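In structure tokens, one chain follows: the form predicted on its own.
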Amino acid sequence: MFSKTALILLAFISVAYSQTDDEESFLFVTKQTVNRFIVQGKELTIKYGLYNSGPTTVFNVNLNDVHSYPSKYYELLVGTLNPKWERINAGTNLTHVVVLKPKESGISNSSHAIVTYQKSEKNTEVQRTYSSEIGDVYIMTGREYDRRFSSHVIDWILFTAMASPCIVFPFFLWFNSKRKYELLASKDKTTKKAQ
């Protein structure tokens, strides 16, 4: 009995000493595209997720992703590529969304975003972390996207117009010959009855 009590007391003491005020938080940052296909001249949505994994609040959080989407190749429609937040509380997450429009087609590299923050208000040392990266993405032209994914209504109308003579003409010939043989068969029956 004494050994169990001593063991439980030792466990409580070790837990109490392991939880000090020196524990610091760390930010996990994710970056992802919401779009399934990226098309030139159409909206591209980028979603950033920041998660404070520690027991303390982090301060002066700055996200910078201007280098991944230069204004020469992308038009910024909604949001900002370098947002700032005063704080992110312990154990909470934050989501930031940016909507862009690609100006050119081809392969584009979307590297990681850089996030800087302070682990406490007293600590002026700036910490730096990086988001996950999307990597190389293929930006389709609008014409290629329409060719692959549109409903092709005009194509189907043209196909029907061109295929219908191949179906209607043989049907017309069959129907005329069938009617001709039915008339001959009915004449034969009437002549046989008359005899």
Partner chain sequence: MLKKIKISHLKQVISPSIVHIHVDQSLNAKLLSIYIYTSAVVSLIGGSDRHLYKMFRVVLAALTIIALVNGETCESPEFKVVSHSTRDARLTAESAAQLEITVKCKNGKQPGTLYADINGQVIPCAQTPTAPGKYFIGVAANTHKELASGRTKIKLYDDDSYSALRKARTEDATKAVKPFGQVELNHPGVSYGPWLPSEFFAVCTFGLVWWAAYRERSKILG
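Residue numbers count along the first chain shown, from 1. Quick caveat: nothing in here was measured; it's all calculated off a predicted structure.
The same protein also exists as the form predicted in complex with the partner chain; that form is not shown, yet it is the one meant from here on.
- Here is the short version: of 95, 71, 123, 109, the single residue with a heavy atom within 4.5 Å of the partner chain in the predicted complex is 95.
- The shortest heavy atom separation between residue 129 and the partner chain in the predicted complex exceeds 4.5 Å.
- At the 4.5 Å threshold, heavy atoms of residue 174 reach the partner chain in the predicted complex.
- Taking the partner from elsewhere, residue 114 is found to have every heavy atom lying beyond 4.5 Å of the partner chain in the predicted complex.
- The partner chain in the predicted complex comes within 4.5 Å of a heavy atom belonging to residue 153.
- Residues of 161 to 191 lying near the partner chain in the predicted complex, listed in sequence order, are 167, 174, 178, the criterion being any heavy atom within 4.5 Å.
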